[in-house]
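This document opens with one chain alone, in structure tokens, the form predicted on its own.
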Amino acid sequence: MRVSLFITCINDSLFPDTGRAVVRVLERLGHQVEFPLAQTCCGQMHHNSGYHDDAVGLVRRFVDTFQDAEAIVIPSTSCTAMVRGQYPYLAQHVAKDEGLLRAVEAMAPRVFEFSEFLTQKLGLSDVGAYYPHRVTYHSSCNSLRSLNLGDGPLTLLRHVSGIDLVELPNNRECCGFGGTFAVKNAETSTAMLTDKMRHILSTGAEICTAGDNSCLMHIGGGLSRQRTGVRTVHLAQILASTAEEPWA
């Protein structure tokens, strides 16, 4: 299959290894990965901050860039939720553009979060990964409440050879990041992060993983400041690791 990668702003600027890991997994599975250079932000930050007219411009950019894609894979639950969930609203109620609305509705079935593409589109549970570490998994709010990914990411992790996967207590609780929420409500965000870190440390895991680097950046920052020694690693990097080509 010809797969177009939408890398997202935070991965492009802060976590480029996540994009490389996605490409490694998809190519190992025999797919052709394309990276359209015209891509830019999905507009989530603009939309969430009330700059809806600015977000519409980014909706148009996304549609123009990916209109011919066979499948669009995004290694971020929040950006996937933005494209699938909010683009129709922006096209219909802000841009009031029926042509744009038809375009985003036609594109939506071809937009997949990374783990969703593997489990639901390709029907895979085992991608041949090997990762000999004790790992716990954080379900992001968007994976639970916007995309309804269910057990898909955990199914992939359970089939990783060598992994010691431990359940994260109170896993449905938010980490406290929430995009601009962490900036606008710092004290509440910090309290939520403190609870999340306490649960992670209770598992004895070496690594906390998730499908969204924004959550992992927030969690990883807290764990690092407390010098816990626990690292955060995107799900794609675990799935990219094999016995022959381990991912640190």
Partner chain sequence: MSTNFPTRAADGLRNTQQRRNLAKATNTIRGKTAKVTAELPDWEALREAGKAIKREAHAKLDQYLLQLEEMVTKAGGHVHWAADAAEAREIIVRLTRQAGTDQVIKIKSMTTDEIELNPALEEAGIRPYETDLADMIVQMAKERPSHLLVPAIHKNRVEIRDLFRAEMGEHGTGLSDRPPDLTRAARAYLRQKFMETKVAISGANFAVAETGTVGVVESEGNGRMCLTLPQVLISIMGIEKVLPRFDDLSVFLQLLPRAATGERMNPYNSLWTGVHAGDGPCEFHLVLLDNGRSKILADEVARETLHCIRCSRCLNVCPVYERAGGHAYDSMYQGPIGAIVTPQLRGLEEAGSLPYASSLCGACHEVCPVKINIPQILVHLRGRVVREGHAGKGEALAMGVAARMFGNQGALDWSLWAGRLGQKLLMRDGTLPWLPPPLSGWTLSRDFPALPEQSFRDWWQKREDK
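Small disclaimer: the values here were computed from a predicted structure and weren't measured. Numbering follows the first chain given and starts at 1.
One more form of this protein, predicted together with its partner chain, exists but is not displayed; see below.
In the predicted complex, which of 84-92, 130-138, 108-116, 157-165 comes within 4.5 Å of its partner chain (heavy atoms)? Of the stretches listed, the one contacting the partner is 84-92.
Only one of 206, 27, 70, 64 gets a heavy atom within 4.5 Å of its partner chain in the predicted complex. Which one? It is 27.
Would residue 97 sit within 4.5 Å of its partner chain in the predicted complex, counting heavy atoms only? Residue 97 lies outside the contact set for its partner chain.
Test of understanding: in the predicted complex, would residue 52 fall inside 4.5 Å of its partner chain by heavy atoms? Close contact exists here: in the predicted complex, residue 52 approaches its partner chain to within 4.5 Å, heavy atoms only.
Answer with yes or no whether residue 16 is in contact with its partner chain in the predicted complex, where contact means some heavy atom within 4.5 Å. So residue 16 counts as contacting its partner chain.
In the predicted complex, residue 178 touching its partner chain (heavy atom, 4.5 Å): Output for residue 178 is yes: heavy atoms within 4.5 Å of its partner chain.
Contact set, 21-54 vs its partner chain in the predicted complex - heavy atom within 4.5 angstroms: Heavy-atom contacts within 4.5 Å come from 23, 27, 33, 34, 35, 37, 39, 40, 41, 45, 46, 47, 48, 49, 50, 51, 52, 54.
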